[in-house]
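Below sits a lone chain in structure tokens, taken as the form predicted alone.
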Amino acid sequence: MEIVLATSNKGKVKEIQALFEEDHVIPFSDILGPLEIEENGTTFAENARIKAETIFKKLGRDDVIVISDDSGITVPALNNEPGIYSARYAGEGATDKQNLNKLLQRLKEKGLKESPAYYTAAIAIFAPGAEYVMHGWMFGKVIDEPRGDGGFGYDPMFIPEGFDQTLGELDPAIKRELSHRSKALALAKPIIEMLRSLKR
């Protein structure tokens, strides 16, 4: 069964493809073209589910497994911002840089040089007659000066627990091991294998 990703975020696509190297994994836009999905859930899990279900129904095929991800960063000291609004923190259509700059600005407004923070990833899986959602987390802190140009999103300002470098500075292989998305996908992998075995 083909794995279709319900995202067009290039960073996420690259990260998920790296975790499923032996599989044929493609973003939905390669099949359906550009498509806006309204993410009106109140949790990461709800938004992940909305995206996976939307793409699964639009594909209308019984030989695909659709995986979607909704993820973001939460800073408790900033009233849990940006949370589920991480991808549009600076407004609809905001770039990664604009979102990062807004979070930097919010830290500075509060007089914070650093603050505890965590990433959440919710992975939803849709396949014929099956739907699952699982979570992964990565804990650490945000700092008020971005460092490194690796990764994407808020990576240059997030330092994982046990490290002194940001995700923007760390080797991609180390980031994959720590990643909230990797942890959630590790839970998803056996489910995907089970769904495939049922189709054989």
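All residue numbers are counted from 1 along the displayed sequence. These figures come from a predicted structure and were not determined experimentally.
There is also a form predicted together with a small molecule; it is not shown, and the following applies to it.
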Exercise. Quick one: of 153, 160, 136, 168, which gets a non-hydrogen atom within 4.5 angstroms of the small molecule in the model of the complex?
Worked result: 153
For this session: Determine whether any heavy atom of residue 112 comes within 4.5 Å of a heavy atom of the small molecule in the model of the complex, and answer yes or no.
Result: no
Exercise. So in the model of the complex, does residue 74 come within 4.5 Å of the small molecule, heavy atom to heavy atom?
Worked result: no
Exercise. Do residue 119 and the small molecule share at least one heavy atom pair within 4.5 Å in the model of the complex?
Worked result: yes
Exercise. With the cut-off set at 4.5 Å between non-hydrogen atoms, does residue 39 touch the small molecule in the model of the complex?
Worked result: yes
